[in-house]
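What follows is a single chain, given as structure tokens, in the form predicted on its own.
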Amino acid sequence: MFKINENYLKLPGSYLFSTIGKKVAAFTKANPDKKIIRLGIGDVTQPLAPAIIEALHSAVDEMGQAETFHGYAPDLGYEFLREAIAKNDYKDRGCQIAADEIFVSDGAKCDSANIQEIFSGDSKIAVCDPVYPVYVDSNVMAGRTGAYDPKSETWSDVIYMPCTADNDFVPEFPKETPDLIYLCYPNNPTGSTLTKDQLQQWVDYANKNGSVIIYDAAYEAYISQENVPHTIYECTGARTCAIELRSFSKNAGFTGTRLGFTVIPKELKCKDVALHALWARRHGTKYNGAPYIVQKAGEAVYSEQGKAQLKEQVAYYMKNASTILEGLKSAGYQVSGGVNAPYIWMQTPKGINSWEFFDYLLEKANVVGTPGAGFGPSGEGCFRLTAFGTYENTLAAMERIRQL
């Protein structure tokens, strides 16, 4: 008789955003007259930029002609997109990343879940706490995380690195040496960042201890401070210890179009085995690339017109972030983030846990946010709001919260 992967049974409850969706749906059904403002899920709200739409239309026309029709995309992605990424995201920043070290995919979320497949099943993982849930959940499914303690909401075989206001959201080096270190900066959910010097220390630590850093840079477009690196490859020695995940979702609005990429330098090896070769083999077998049409749209992101249009969109969201940050401060809340990231991290009122605060905001202000507990044990007592709403709704949400 067939058997299931019992590691899936270890996952507690449902996925964080599925739970939020069910709660909001139930409230909406019971209160059809209420106008809900959604500042919870990190989904963009601005339409695709004109330069991207133009590229999509042009690519669709190509697909309708025998002479310009495209079938399966190359395993690594089309060279025109990989060359554009290599130049604009890396070489123009002084980072020597070659086009054939870039693997185009259908999004960073998939890559952040799938990248663990090329590592040993007994690899020890370390995650910042709070953290994007996919990092831990994917390793639960792979059987790496041990037993779950519902009281502490922790896994026995996961190394948690607390990132709270007490340590300025900067993780300390763990006492136990991990094999895989997940870092996300600018951070989801706290909106915090590392300076280049702080990130360099992690690169040095990984090289010294034989660890691999899986670096999620999905929100790099929102960085505004000069001492915050846009890529881990700005650090010396990162090519021998770091994998970088990137996305077009938050910088170009591709949440519904799906496009991302992973960078694996050829120097990154385990003994004599190049991780680049393993991921290339994985791509060839389990292709999760994006269609030609979408990759042509991705190329348009790097055009002069595309860059200008997307700069305006990022500025729009960061205006929302500033509005939320200042609005919560004026309402008396302790907040952080919102400067180099489209997320604002706030402390819930004393004595109210994050899910209780979620219910309170939904019922009293009809505003949806994300409970911090959903991001890990150190997230309890905190709450995330996103800047990805409309400016009008952001203003209205702050006014509602101030009136509570």
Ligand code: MLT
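This is a predicted model, so every value here is computed, not measured. Residue numbers here begin at 1 and follow the sequence given.
The form predicted together with the ligand is left out here; the points below concern that form.
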| property | result |
| --- | --- |
| One stretch from 38 to 46, 355 to 363, 22 to 30, 53 to 61 that, in the model of the complex, holds residues within 4.5 Å of the ligand by heavy atom | 38 to 46 |
| Distance check, residue 250 to the ligand in the model of the complex, heavy atom within 4.5 Å | yes |
| The ligand contact at residue 222 in the model of the complex, heavy atom, 4.5 Å | no |
| Proximity of residue 391 to the ligand in the model of the complex, heavy atoms at 4.5 Å | no |
| Close approach of residue 345 to the ligand in the model of the complex, 4.5 Å, heavy atom | no |
| In the model of the complex, the one of 262, 295, 145, 188 near the ligand [non-hydrogen atom within 4.5 angstroms] | 188 |
| In the model of the complex, the residue from 90, 103, 182, 132 that sits within 4.5 Å of the ligand by heavy atoms | 132 |
| Three-residue site 119, 246 and 283 fully in contact with the ligand in the model of the complex at 4.5 Å by heavy atom | no |
